[in-house]
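To begin, one chain is listed below as structure tokens, in the form predicted alone.
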């Protein structure tokens, strides 16, 4: 009897990684999944927080994909390890703050370490040649294999026939003829495969899940670094950058204003760490104050917050400002009117 080989598959929750794992599992290989939590993924945070997203599926797509594949999934927290990838990418950023090539090499390297600790034989990813110009061209794919230290133990089933045979193929652990030859950015082949396998309701192809690819999020991250004079971040920072309207009336302070009741509940969880304010006599948003504004600047912050509440047309509203030291201020302020918030204040 031949020994059953074991593969660890990177499962992002997207269609490509599902298909890659399925192709290898169907060849009799024991497959388990691994997903790395960096804190920057869209799903499971904003969709769960915001009221207007209530109809969207509240699921972790990686867990959902593993369930569809009927494989075990290991979720690994790499928030601290990932910092160096974000702050010091050797191969630079994409269009925004996405360190795609460094990110892929990092993920595969983490998978290699897991593979070696658990005596697995090789790694599977859903990479497709030519799909992403920053990290998945024919010249970039070998960089990932080399920088991660996986070399020919890294198998990309969807494009395998377009690449040099890997160790699992040469050793006969998998049949190369049953692997794919997909290239380019079209997803027609993958969608056809999904239909053949019976996968339904999968994550939108090519949708991506990383906030670092989002121009608005990247602008808020850069603003955070400028305001602190330090290119660093903590987990709470990257969570708060995902939530609310961010306005900076002056360089030394910023407002984070909730957009709906879901965000109100979320921001209240930070009320002991930030000065926060809310309008007492009209429904409206919670706002956090990041920085150290003067009393006059707090009044302006209250007027801004009132602009986004139900009392925006009132002659005056009562604002309650709760400072971090536990003291409170009650102020009567006139809400800013339409057009009185300069676009330059928005981060």
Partner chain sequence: MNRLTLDARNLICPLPVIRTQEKVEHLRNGDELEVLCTDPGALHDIPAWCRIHGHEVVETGEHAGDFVVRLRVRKLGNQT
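On a predicted model such as this, the values are computed, not experimentally measured, just so you know. Numbering follows the first chain given and starts at 1.
Unshown form predicted together with the partner chain; subsequent notes refer to it.
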May I ask you to choose, among 85, 71, 247, 162, the residue with a heavy atom within 4.5 Å of the partner chain in the predicted bound form?
71
Selected contact from 217, 253, 233, 120, since only one has a non-hydrogen atom within 4.5 angstroms of the partner chain in the predicted bound form:
120
Among the candidate stretches 93 to 101, 253 to 261, 72 to 80, 185 to 193, which one is within 4.5 Å of the partner chain in the predicted bound form when only heavy atoms are counted?
72 to 80
Check for me whether the partner chain, as it appears in the predicted bound form, comes within 4.5 angstroms of all of 5, 11 and 202 - heavy atoms only.
no
Contact flag, residue 63 vs the partner chain in the predicted bound form, heavy atom cut 4.5 Å
yes
Taking the partner chain as it sits in the predicted bound form, is residue 299 in contact with it (heavy atom to heavy atom, 4.5 Å or less)?
no
Test of understanding: in the predicted bound form, would residue 239 fall inside 4.5 Å of the partner chain by heavy atoms?
yes
Is there a heavy atom of residue 274 lying 4.5 Å or less from a heavy atom of the partner chain in the predicted bound form?
no
Any residue of 242 to 267 with a heavy atom within 4.5 Å of the partner chain in the predicted bound form counts; write them all down in order.
266
